[in-house]
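Just one chain follows, in the form predicted on its own, and it is written as structure tokens.
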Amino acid sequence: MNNYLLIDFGSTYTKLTAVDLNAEAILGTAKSYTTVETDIMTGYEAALVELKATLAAKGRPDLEFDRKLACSSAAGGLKMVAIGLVQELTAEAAKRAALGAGARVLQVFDHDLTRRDIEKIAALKPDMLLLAGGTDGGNQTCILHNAKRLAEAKLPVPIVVAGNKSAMDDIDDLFKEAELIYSMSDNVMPKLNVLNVDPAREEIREIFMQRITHAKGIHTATGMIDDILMPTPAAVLKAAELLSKGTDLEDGIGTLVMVDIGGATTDVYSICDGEPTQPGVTQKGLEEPFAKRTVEGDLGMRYSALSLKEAAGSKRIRAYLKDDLADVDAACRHRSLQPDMIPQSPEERHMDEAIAKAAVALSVERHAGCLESYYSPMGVVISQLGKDLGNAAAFIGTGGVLVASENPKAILQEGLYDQETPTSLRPKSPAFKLDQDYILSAMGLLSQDHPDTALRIMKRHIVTL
């Protein structure tokens, strides 16, 4: 026996994946609506009944699991506030560290925190704060000011400190005296424009496992599973990076962009260096991480359907439907009020696909870099902000609306480069692929112990469209 049960307590659905490591095969998958409002284990048990029925039909009715590992984005996932010195530099570095850890960043604050800022942070009710500011040996004034504000406020949430190392001793003294919950990590920007987000990302993940899952009631699952390892988006990012880069024994598929369309958010991942590919274009701004995640909290198929409609506009969604009379407002309102809605008619499925097209188009445009031009004494200068995704080898889609669609490729194509907006550096001619069995988060979990097996399973199950 060498079987794993991999669990994703998602914001909308709890998804289970059973894996036979010896055969390197997925034995079955199942899902049920996430019941975090009552008891998260109710949804888990319902999905487990479905999974056991699938296994019984395959002649494995009494299958035992050696390991049960989980990730979670239930109850809003990991919600964070990032604080830094300069918006474009250390504040942005703090935001990227939080996003890479699988968090949803509620707001980013820069420069000196005010009393009103502290009130806003308290009102946002984050699960965790990330305090950064200053390069090592650089400005200490701002991060010390902000640490004093936080010490005075005594907010009952963990704080990860990842700023100027010269200020760490003083912050340690401040937070100890205030009896805050905190931990220290390496500076997210030790040198100007140089990122070092991995240590802070790991610290955030550790705190998530130790404290946040308990605060959300997810700890009730720990009697039936071995471990809740990380937020779901962090598991997906691990899977995407593994699929792209491969291992020492197994080749990856190369550079990729991935869109995860969920009920509350649309997440975009890019695994590539993203450096300028066009002649004469120079990189500008903060360096980009090779493995990057962005999350769009206003672009979701259910909980965030109304805000998606506001961002895209009803006219754009009707254009995808090719129906000038469609009541987009009513459709989005219904979805936001009924997050467990499953389309029952062709009209409802077409509306879902139109909303998904808007989610892909907007989320990839926000994730991708862009070109800016300005005049100099030497003539026109063109610079690149963000990542150039033009040469991405693969464009992968995951999420219920894509799996249910009869034409998922048409939805994903809305994220491609468009000559009408040539300054947006979106993918140009990638191979389109689909995570048809919802296995990405599961393979991110499995990669913790068995990366080669996880990679081979992904390469077999993520289909080319």
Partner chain sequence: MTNTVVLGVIGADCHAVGNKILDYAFSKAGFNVVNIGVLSSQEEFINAAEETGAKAMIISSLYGHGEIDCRGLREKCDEAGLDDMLLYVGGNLVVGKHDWEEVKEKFLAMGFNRVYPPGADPEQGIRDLRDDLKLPKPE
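Just so you know, these numbers come straight off a predicted model, no measurement behind them. Positions refer to the first chain, counted from 1.
From this point on, the text means the form predicted together with its partner chain, which you will not see here.
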Task: Stretch in contact in the predicted complex with its partner chain, which is absent here, among 172 to 180, 250 to 258, 267 to 275, 87 to 95 (heavy atoms within 4.5 Å) - done: 87 to 95
Open item on the list: Is Gly137 part of the interface with its partner chain in the predicted complex - any heavy atom within 4.5 Å?
Closed with: yes
TODO: Answer for Val381 alone: is it within 4.5 Å of its partner chain in the predicted complex, judged on heavy atom distances?
DONE: yes
Open item on the list: Since only the chain is shown here, I'm wondering whether Thr282 would be in contact with its partner chain in the predicted complex (any heavy atom pair within 4.5 Å).
Closed with: yes
Open item on the list: If we define contact as a non-hydrogen atom of the residue within 4.5 angstroms of the partner, is Arg333 a contact of its partner chain in the predicted complex?
Closed with: no
Task: Site test, Gly133, Leu192 and Tyr374 vs its partner chain in the predicted complex, non-hydrogen atom cutoff 4.5 Å - done: yes
TODO: Using heavy atoms only and a 4.5 Å cut-off, determine which of His111, His145, Arg318, Lys125 is in contact with its partner chain in the predicted complex.
DONE: His111
